[in-house]
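Just one chain is shown here, as structure tokens, and it is the form predicted on its own.
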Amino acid sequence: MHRSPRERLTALRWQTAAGRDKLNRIMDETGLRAPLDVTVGRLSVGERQRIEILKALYRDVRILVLDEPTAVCDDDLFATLRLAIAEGLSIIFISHKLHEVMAIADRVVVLRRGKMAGGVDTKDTDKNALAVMMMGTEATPPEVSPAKPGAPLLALSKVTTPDVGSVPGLKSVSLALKAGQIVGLAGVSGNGQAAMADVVGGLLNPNDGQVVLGSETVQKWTPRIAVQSGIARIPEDRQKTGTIADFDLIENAILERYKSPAFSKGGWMNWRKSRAFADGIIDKYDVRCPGSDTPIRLLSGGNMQKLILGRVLEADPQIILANQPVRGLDIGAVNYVHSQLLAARKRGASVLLISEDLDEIIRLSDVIHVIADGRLSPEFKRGEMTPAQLGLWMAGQGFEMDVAHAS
């Protein structure tokens, strides 16, 4: 039957409205919230993960594959998935986070170097046994000694940035990154972490407020100036902002330092030194690849992350912006990265650790801030807050209580 343009437009609007209603119902049932009116390219990795899960649930799939959904997993989602499993949904859950595996899976299969290392029902095992199966040996987390913080290396003073659609920017945020200290930034994905990372990394200039480097207020803030000032980035999205897909590992290893005298002179690249630098990272950080001249797009996400980590840590930066630094890494690699961040802190570097893994934040951070809807909580010292209390701040309730107390 032929329909007029007006009839087709009316049908499309009805379908869009019906689809939005269904998505809102799924979000209410699962607790997964995502902005529906923002271009996906502007969303964080965690928000894009939510969109992917919502898309699958919207289609009423019978088999759901969750590949490293670290940024979106919580007790509410697990409870929803268990109900769906009881109604016939099958889930393949791929994760390095053993507590998540134990919480959701009925059976676990462990792969090590492309081969099956074993399989077991979760009721018959525990996290320690699974870690041994994954690594071939027992994995021990690094010891966290008390920090000896020094002077602020970088400070934000009442910084405000614009919202992007329904994704909040920063709202009069003040933050000090001190030498010899790890500052943890906790929060649910999409609450201002991206804006914070962009400001610290020089990608975003504040609408209001100041960026203070050492004792000097920065007038012009760019990524190049940030790099020259000793700031190194471990970006949240390794493919979009951390690497160039068609460049090989050598080129990606020197991506932010190719003009450094260590790798070039008089405008000419020193490829021998560049290759040696990349090969050193590959060896030290266990980057599994055919060789340093391999295009980085051919590597797994975890191995891309290892190259970025090596690129950052081998530069001995003053300030390390570590945004989801261990996403996609196995427990042995996680412990190694954590030990390197602690070593950087010990030699006097400042680390801003942005993570949606509350256990990681609590374990490594000397002080913790919570970010929610672009607002920053007061500073909490190590051991001062329980996970439950931090969870209240992450949900925004702590801010409300703080305002009520102040008034």
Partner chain sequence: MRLEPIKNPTLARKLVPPAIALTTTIVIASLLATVAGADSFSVIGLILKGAFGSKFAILETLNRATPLIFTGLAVAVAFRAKFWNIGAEAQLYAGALMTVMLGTGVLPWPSFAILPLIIIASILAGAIVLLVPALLKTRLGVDEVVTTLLFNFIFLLFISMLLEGVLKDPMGMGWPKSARLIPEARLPRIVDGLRLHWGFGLAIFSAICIWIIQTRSTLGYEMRAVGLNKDAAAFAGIPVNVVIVKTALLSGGLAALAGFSEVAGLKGSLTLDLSPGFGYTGIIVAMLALLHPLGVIVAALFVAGIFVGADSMSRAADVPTYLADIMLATALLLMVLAIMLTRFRVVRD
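Numbering follows the first chain given and starts at 1. For the two forms, the rigid core is made up of the largest set of C-alpha atoms that agree within 1.5 Å on superposition. Note that this is a predicted model, so its numbers are computed, not measured.
One more form of this protein, predicted together with the partner chain, exists but is not displayed; see below.
**Q** Only one of 220, 240, 123, 115 comes within 4.5 Å of the partner chain in the model of the complex by heavy atoms, so just point that one out.
**A** Residue within 4.5 Å of the partner: 240.
**Q** Counting any heavy atom within 4.5 Å as contact, can you tell me which stretch out of 83-91, 173-181, 265-273, 156-164 lines the partner chain in the model of the complex?
**A** Correct option: 265-273.
**Q** Can you work out whether the partner chain is within 4.5 angstroms of a heavy atom in all three of 65, 133 and 336 in the model of the complex?
**A** Spot residues vs the partner chain: no contact at all.
**Q** Against the partner chain in the model of the complex, would residue 235 count as a contact residue? Criterion: heavy atoms within 4.5 Å.
**A** Within the cut-off, so yes.
**Q** Given that the partner chain is not shown alongside this chain, does residue 212 nevertheless sit within 4.5 Å of it in the model of the complex, heavy atom to heavy atom?
**A** Contact with the partner chain, no.
**Q** Wondering, does residue 258 line up within 4.5 Å of the partner chain in the model of the complex on heavy atoms?
**A** Residue 258: contacts the partner chain in the model of the complex.
**Q** Report yes if any heavy atom of residue 244 sits within 4.5 Å of a heavy atom of the partner chain in the model of the complex; otherwise report no.
**A** Judged by the heavy-atom cut-off of 4.5 Å, residue 244 is in contact with the partner chain in the model of the complex.
**Q** Of 345-363, which residues get within 4.5 Å of the partner chain in the model of the complex if you count heavy atoms?
**A** Sequence-ordered list is empty.
**Q** I want to check residue 83: does it shift between this form and the one not shown by 2 Å or more at the Cα, with the core superposed?
**A** Where the cores coincide, residue 83 shows only a C-alpha shift between this form and the one not shown that is less than 2 Å.
**Q** Please say whether, between this form and the one not shown, the C-alpha of residue 299 moves by 2 Å or more once the core is aligned.
**A** Comparing forms between this form and the one not shown, the residue 299 CA shifts at least 2 Å.
**Q** Verify the C-alpha shift of residue 290 between this form and the one not shown: is it 2 Å or more after superposing the core?
**A** Yes, residue 290 moves 2 Å or more.
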